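Listed next as structure tokens is one chain, alone, in the form predicted alone.
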């Protein structure tokens, strides 16, 4: 016990050196043969301790623990920010739903089977279809953007290098950087217009009007809006909403003769105004639905990331404690072995 008390952590090197010299001097051939095993063990242990190899794994685990802890703090903060934005966006979205539904209900009550019966024959130019794909500008929101882009690809002609295929001209208008990046790799030839930073500020009706004017400027025969419909905080449904083209409605303006309009304009002009208003309102509703879905998906994704970071940190803490305990036990065994060698 006196030998153990005489050996402190500050004199470990001296104890190791003395123990190695003692063992090697008592072994024929300078530590060769079977008796040199203890000396070789002490020598290798001393070199590992001095070189820092033994503590390399502990340092790596400790650095990884710090990184994961920082990531957990970031994801938790992003979850709180997304939850705060979700409340405001969902409030605006709930107010806009009746506004968009009332306009949509008017067109849903029309006898759509009669539309286009006279205009499909004798049309020389190809039918123009515009796909409006609404995505977010930022990631870390689950698979909401991927689902919308996958749904939009289903309406694109397969293997076509030109927007015109089988008498139908298909163009894409993308709202959001994520949709542009996802569709540009395979469908860049179909692009006409892209918008970015639409969701940087809260979505407003003037923003929807600007985008709707760009849609009307392309004079499509059919408009299909792709977006994520908000169902709950953990469920967002990819949705495609078709809108009738202005030319098709103008050619069938007689369908509206049964309706009374409180206006001095003729039915064709009223039809133009109603169509422009419908495009703006439906686009505004889709933008709000997608913005709400984005924040809900990001909140859910960051919550899962925070949970995973906490679980990984617990596992690494357990691993770190085990390795640290093993290192301490090994050092104590070597100190006792060195002290015993000195006593001999």
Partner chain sequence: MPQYWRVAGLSYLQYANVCAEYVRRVLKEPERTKALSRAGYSMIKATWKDGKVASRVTLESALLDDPVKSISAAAAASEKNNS
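Note that the structure is predicted; figures quoted are calculated from it, not measured. Residue numbers count along the first chain shown, from 1.
Another form exists, predicted in complex with its partner chain; not displayed. Remarks below refer to it.
- For the three marked residues, 154, 164 and 186, no heavy atom of any sits within 4.5 Å of its partner chain in the predicted complex.
- Only one of 269, 143, 247, 239 lies close to its partner chain in the predicted complex, with a heavy atom inside 4.5 Å, and it is 269.
- For the options 80, 91, 217, 234, the one in contact with its partner chain in the predicted complex, meaning a heavy atom within 4.5 Å, is 217.
- With the partner left out here, its partner chain still marks one of 276 to 284, 310 to 318, 59 to 67, 296 to 304 in the predicted complex; by a 4.5 Å heavy atom cut-off that stretch is 276 to 284.
- Residue contact with its partner chain in the predicted complex: residue 107 places no heavy atom within 4.5 Å of it.
- Among heavy atoms of residue 129, none comes within 4.5 Å of its partner chain in the predicted complex.
- Although the partner is absent here, residue 87 sits far enough away that none of its heavy atoms falls within 4.5 Å of its partner chain in the predicted complex.
- Contact annotation for residue 191: at least one heavy atom lies within 4.5 Å of its partner chain in the predicted complex.
- Along 205 to 224, these residues reach a heavy atom to within 4.5 Å of its partner chain in the predicted complex: 206, 207, 209, 210, 211, 212, 213, 214, 216, 217.
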